[in-house]
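Listed next as structure tokens is one chain, alone, in the form predicted on its own.
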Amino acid sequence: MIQAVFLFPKGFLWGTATAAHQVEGRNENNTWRLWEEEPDRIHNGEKAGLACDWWGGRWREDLDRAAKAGQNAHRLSVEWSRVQPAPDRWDEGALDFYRQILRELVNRGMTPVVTLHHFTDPIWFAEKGGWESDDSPALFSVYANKTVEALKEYCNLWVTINEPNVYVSGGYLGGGFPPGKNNLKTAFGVFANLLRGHASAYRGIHKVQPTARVGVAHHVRGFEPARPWFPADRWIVNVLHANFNNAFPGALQDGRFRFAFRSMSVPEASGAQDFFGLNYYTAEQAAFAPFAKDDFFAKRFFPHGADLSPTGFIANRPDAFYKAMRWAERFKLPIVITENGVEDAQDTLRPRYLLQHVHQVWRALNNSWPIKGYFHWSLIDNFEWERGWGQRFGLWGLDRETRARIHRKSVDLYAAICKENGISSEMTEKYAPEVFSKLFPE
């Protein structure tokens, strides 16, 4: 048997990612809590509830497990509605809570990455019009500045907004997020305000903390023409990529926002990004569908025979992950893989998905692409938004009744990767022998 190791650079960040509403529990003052109360909004009528009980203190044991498993970083988010429960009030106790988590991450030798907006908005913010209001960028920037001022002693890596494209498509193009609208004009305005909000926060954060590194976690989905020979399919792939993947980061590059066949100048956004956060999960095929106006005239699907996750939500496409990193490299910024993972309660697909995708990161690094870290989604099973508890993305499983943590073999695999700072033929043979020949060909 071949014996070899794909080694990563010294100092590479190995971590997992979490988000406040998904793991904390007891969130009562944000838009998702209201959304969960409405009938037919969440899979099986489920609610976040106690979630993983981080607000009750169980973050300590979870971060202990992460540190013991060799992880040297963790990405988490701050819940805006806790920090600013009313427009004229700040909760210093909530800031102390997050400060304590960051302090203990640092004490464990782990680098914190903090996300300031991960899908949830305070109820008071939504009542003021949310991101539809032109006041929203300034309101968000005030919150961002306050939070960074409070936490800057322990963190200098900041993600302002997680997946603005998913937030817009989910909430304003019929995707099942609050506020549940489906209007292209409104979506354009919200997207533009998110862009302005990021730009304003970016400038403000650098005033508060000049050494800060600030970016966005961009969700990138692979699109391929279902019929490569058919010009209309190639055209629709370009449309999907331009609108879903490229609109936000493109505006951060040149100050021109292009979305839904419209464009506008947002000059303050130009250059407002210190690193490129890349969230990647899967890729799909697309065919031109002339009557699917609400879907940008596209029919999207996974091909027959794809290596699918249990609910069919994700296809295992590491080759498309490599293409996503190649595209991100064109922005000429350091790249951090801020999310990558697969839902798999039985933990049968995850080992090969993990090894194959981390191998693609190694390939990218060998092209001298500036990949600085990899954060697996997620540390533990959590509440997956409109999909409720029906998808299990955690390295560690969660018993929803007892909140007991369930050890999966992927815990040991990722620990081996982190401690080795690479992928070895030995760990591949042990955890996913079915892909050994793909990673270590004769």
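Start at 1 with the first residue shown and count on from there. A quick note: this is a predicted structure, and the numbers were derived from the prediction, not measured.
Beyond what is shown, the protein has a form predicted together with beta-D-fucopyranose (FCB); the following relates to that form.
Trainee: Name the residue from Asn156, Asn162, Asn243, Ser169 that puts a heavy atom within 4.5 Å of beta-D-fucopyranose (FCB) in the predicted complex.
Mentor: Answer to the contact question: Asn162.
Trainee: Exactly one residue in Thr282, Gln360, Ser200, Asn279 has a non-hydrogen atom within 4.5 Å of beta-D-fucopyranose (FCB) in the predicted complex; which is it?
Mentor: Of Thr282, Gln360, Ser200, Asn279, the residue with a heavy atom within 4.5 Å of beta-D-fucopyranose (FCB) in the predicted complex is Asn279.
Trainee: Decide if the three candidate residues Arg26, Trp59 and Arg403 all line beta-D-fucopyranose (FCB) in the predicted complex, where lining means a heavy atom within 4.5 Å.
Mentor: No, the whole trio is out of contact, none within 4.5 Å by any heavy atom.
Trainee: Please run the contact check for His219 against beta-D-fucopyranose (FCB) in the predicted complex: heavy atoms, 4.5 angstroms, yes or no?
Mentor: Although beta-D-fucopyranose (FCB) is absent here, His219 would touch it in the predicted complex, with heavy atoms inside 4.5 Å.
Trainee: With the partner left out of view, is Arg387 within 4.5 angstroms of beta-D-fucopyranose (FCB) in the predicted complex by any non-hydrogen atom?
Mentor: Flag for Arg387 set to yes.
Trainee: Any chance Thr16 has a heavy atom within 4.5 Å of beta-D-fucopyranose (FCB) in the predicted complex?
Mentor: Residue-level check for Thr16: no, no contact with beta-D-fucopyranose (FCB).
Trainee: Check whether His118 has any heavy atom within 4.5 Å of a heavy atom of beta-D-fucopyranose (FCB) in the predicted complex, and answer yes or no.
Mentor: Result yes; His118 sits at the interface with beta-D-fucopyranose (FCB) in the predicted complex.
Trainee: Spot the stretch among 387-395, 65-73, 409-417, 50-58 with residues whose non-hydrogen atoms come within 4.5 Å of beta-D-fucopyranose (FCB) in the predicted complex.
Mentor: Every other range fails; the passing one is 387-395.
Trainee: Within 4.5 Å of beta-D-fucopyranose (FCB) in the predicted complex, which residues of 330-365 have a heavy atom? Give them in sequence order, or say none.
Mentor: The stretch 330-365, when checked against beta-D-fucopyranose (FCB) in the predicted complex, contributes only Glu339 at the 4.5 Å heavy-atom cut-off.
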